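A single chain comes next, written as structure tokens; it is the form predicted alone.
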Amino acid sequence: MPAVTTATASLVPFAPSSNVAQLKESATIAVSARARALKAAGRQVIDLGAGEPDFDTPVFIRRAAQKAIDSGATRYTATEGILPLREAIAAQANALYRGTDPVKPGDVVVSTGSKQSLFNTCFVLFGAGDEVLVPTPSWTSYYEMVVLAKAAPVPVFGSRSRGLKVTAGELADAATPRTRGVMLNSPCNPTGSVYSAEELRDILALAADRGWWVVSDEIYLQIAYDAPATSVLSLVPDRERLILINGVAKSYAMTGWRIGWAIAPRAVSASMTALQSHTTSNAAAVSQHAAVAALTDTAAAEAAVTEMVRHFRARRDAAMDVLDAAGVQYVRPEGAFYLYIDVGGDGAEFATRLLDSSGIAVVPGSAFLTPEWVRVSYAAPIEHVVEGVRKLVAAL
């Protein structure tokens, strides 16, 4: 048999494996990447696509990281995270939870961002033949993570009259004998809607009755305006079928530190730890020590979060004034830092035109399976937000 030469081998085209053949690039990351590329080319661009607070990480957290480095926190940690951080996460959870099985450090798995925690959750809980209900519009990566787990995401569309939130009845109608779980996110990305305690109770009761897993992504929980957002932990009598996801990225302006976590029943957290031990292992040691400060220095943390939310509210209100004056249809955000705007046509085409002609970057609603909408982030200086929304209105 003739030997395969390097030249011959190079003629074989790359074909992705079946594991990733259907995978789509994150649309939110793609928009920000294109905005950065245009800026690098000399264009004036206002990026209202990024889901990232524009504030610096609070000083007390940065100082804790510096102290950790000087103290030698530069080595591997336990895969599931350092004990002080898992203790702090458990304490924060138990301040909300009134069930019969308090959260213990062993129930917590710290990961490289809440995105990895969500991926670990989907990979451990779901598999081939399973269906997972995803209230839609929803964060784009939920659908792809379920697919990577070889399960099937089932979009369930919410009504405009309820801020695009879904009801327990709509979830029940979409369910089949193969339904194994439901993904929740409140406050919601991309709409900014917040589920009320009663709405969540109805969904949790349905899931308990059907034996579904509930995966609750609460990464925006502390960013709410009209009233505090409700954690599902405060509503359930036990955590037998509940996975709670959170992290420090949004509330503490710590996106680049990459610290998130999952709180799960012990058997599930053990399985997540085993999975993570073969993928990323532990999250960065210094980042974990910084997160301990964010969760334990409660006075400094509350002051920092309150100040950031104050700015987000001012930006939201200024942007809504522009939209209301023009009669533009949108979801009134009660949390997170997004405006979800109905552009009445092809949102992808509109977003491309808006960036090319006006230098305003927004995310097309097709990323969230609602193609007639666009998502605008107001995690940007207020003058940029107002200018961007004015130009969006002019483009409409």
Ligand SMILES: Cc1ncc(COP(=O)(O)O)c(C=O)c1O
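When you see a residue number, it is the position in the sequence shown, counting from 1. Since this is a predicted model, take the numbers as computed values, not measurements.
Just so it is clear, the following notes concern the form predicted in complex with the named molecule, a form of the same protein that is not shown.
Exactly one of the stretches 182-190, 196-204, 123-131, 76-84 approaches the named molecule in the predicted complex with heavy atoms within 4.5 Å, and it is 182-190. The contact with the named molecule in the predicted complex, taken as any heavy atom within 4.5 Å, belongs to 115 out of 115, 289, 315, 241. This chain appears without its partner; in the predicted complex, the one residue of 139, 212, 97, 225 with a heavy atom within 4.5 Å of the named molecule is 139. The closest heavy atom approach of residue 175 to the named molecule in the predicted complex falls outside 4.5 Å. For the chain shown alone, residue 219 is a contact residue for the named molecule in the predicted complex, at least one non-hydrogen atom being within 4.5 angstroms. Although the partner is absent here, residue 165 is not a contact residue: none of its heavy atoms lies within 4.5 angstroms of the named molecule in the predicted complex.
Put simply, residue 249 is close to the named molecule in the predicted complex: some heavy atom of it is within 4.5 Å.
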